[in-house]
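Let's start with one chain on its own, the form predicted on its own, as structure tokens.
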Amino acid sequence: MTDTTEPMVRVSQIRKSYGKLEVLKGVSMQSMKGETVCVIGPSGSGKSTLLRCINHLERPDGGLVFVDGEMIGYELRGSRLTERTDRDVERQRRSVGMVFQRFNIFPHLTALENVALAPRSTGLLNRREATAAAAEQLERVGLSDRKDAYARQLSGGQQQRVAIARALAMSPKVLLFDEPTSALDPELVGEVLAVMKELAAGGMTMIVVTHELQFAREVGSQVIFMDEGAIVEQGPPDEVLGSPKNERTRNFISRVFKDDRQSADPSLSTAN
């Protein structure tokens, strides 16, 4: 049973470099069970790499990640830290669902088949159970009437909702979202955010990399602002978004809000 007094996700001093480029510089953060942590910041600040280190898609150069008290990617053997086997890492990833910018659903499978594939292929569920679970998750994201549709027959927002249902079908303890609306046309963003709001209201633990500051304000339990591979500021949404203490945070938020206004009304462009 999960200890609700301990973080569901704990990241401790994670470092990651690509060659000479240091992408994460000793990042530490945590999320309690049922929290929605929103990570914001400019492109290249390390946000996506942080998510990929949490589920060990990227191997950190230093530091540790724990999900529900279990060390991800490594284990202690006596006093020595050793890497887990690929099979064991795959087992751990079942508890850490991830939704990417691009939907990555298989074009030759229906929505139902896409969602049922992972729990069936990993042996988590048999074919009948996986199909029933997939139907349940598609209903959860409002797509029960599109279960037999292929990717080409679905809008971008619908495809992303299929991707969310696919992650949910593995019954994860936490969901990671890597800018899930950035590849969508503006009119389709709302339907994906609505699903995410319902998941948050239902108690799903989520870590969301996003530029949707209004979503972060309304849904976030805490907001983390990252820049140049480090956490610059973190706290409740009203504080970080409403009264940021750091100048870099203030500049980023004002720039995002200005870009949003210009997208809605090109006459507001500073070129005019």
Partner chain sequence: MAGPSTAPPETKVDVPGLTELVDADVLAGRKLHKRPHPVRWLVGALIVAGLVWLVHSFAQGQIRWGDARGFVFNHDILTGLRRTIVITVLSSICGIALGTVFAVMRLSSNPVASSVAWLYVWIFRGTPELLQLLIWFNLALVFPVLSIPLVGSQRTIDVITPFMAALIGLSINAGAYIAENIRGAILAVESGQTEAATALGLSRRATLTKVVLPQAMPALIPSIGNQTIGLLKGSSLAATIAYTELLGQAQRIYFLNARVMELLFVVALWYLVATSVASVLQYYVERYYGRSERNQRTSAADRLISGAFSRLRGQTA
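Residue numbers count along the first chain shown, from 1. Only a predicted model underlies this, so the values are computations on that prediction, with no experimental measurement involved.
Below: the form predicted together with the partner chain, not depicted.
Within this chain, Y74 is remote from the site of the partner chain in the predicted bound form, having no heavy atom within 4.5 Å. Proximity of R161 to the partner chain in the predicted bound form: non-hydrogen atoms within 4.5 Å are absent; the residue sits far from the partner.
In the predicted bound form, no heavy atom of K173 sits within 4.5 Å of the partner chain. A residue is said to contact a partner when one of its heavy atoms sits within 4.5 Å of a partner heavy atom; A111 fails this definition for the partner chain in the predicted bound form, lying far away. Scanning S144, S182, S155, N104 against the partner chain in the predicted bound form with a 4.5 Å heavy atom cut-off leaves one residue, N104. The contact with the partner chain in the predicted bound form, taken as any heavy atom within 4.5 Å, belongs to L117 out of A132, A194, L117, L81. Only one listed stretch (162-170, 182-190, 195-203, 133-141) carries heavy atoms within 4.5 Å of the partner chain in the predicted bound form, and that stretch is 162-170. Of the residues in 75-101, those that come within 4.5 Å of the partner chain in the predicted bound form through at least one heavy atom are, in sequence order, D86, E90, R93, R94, V96, M98, F100.
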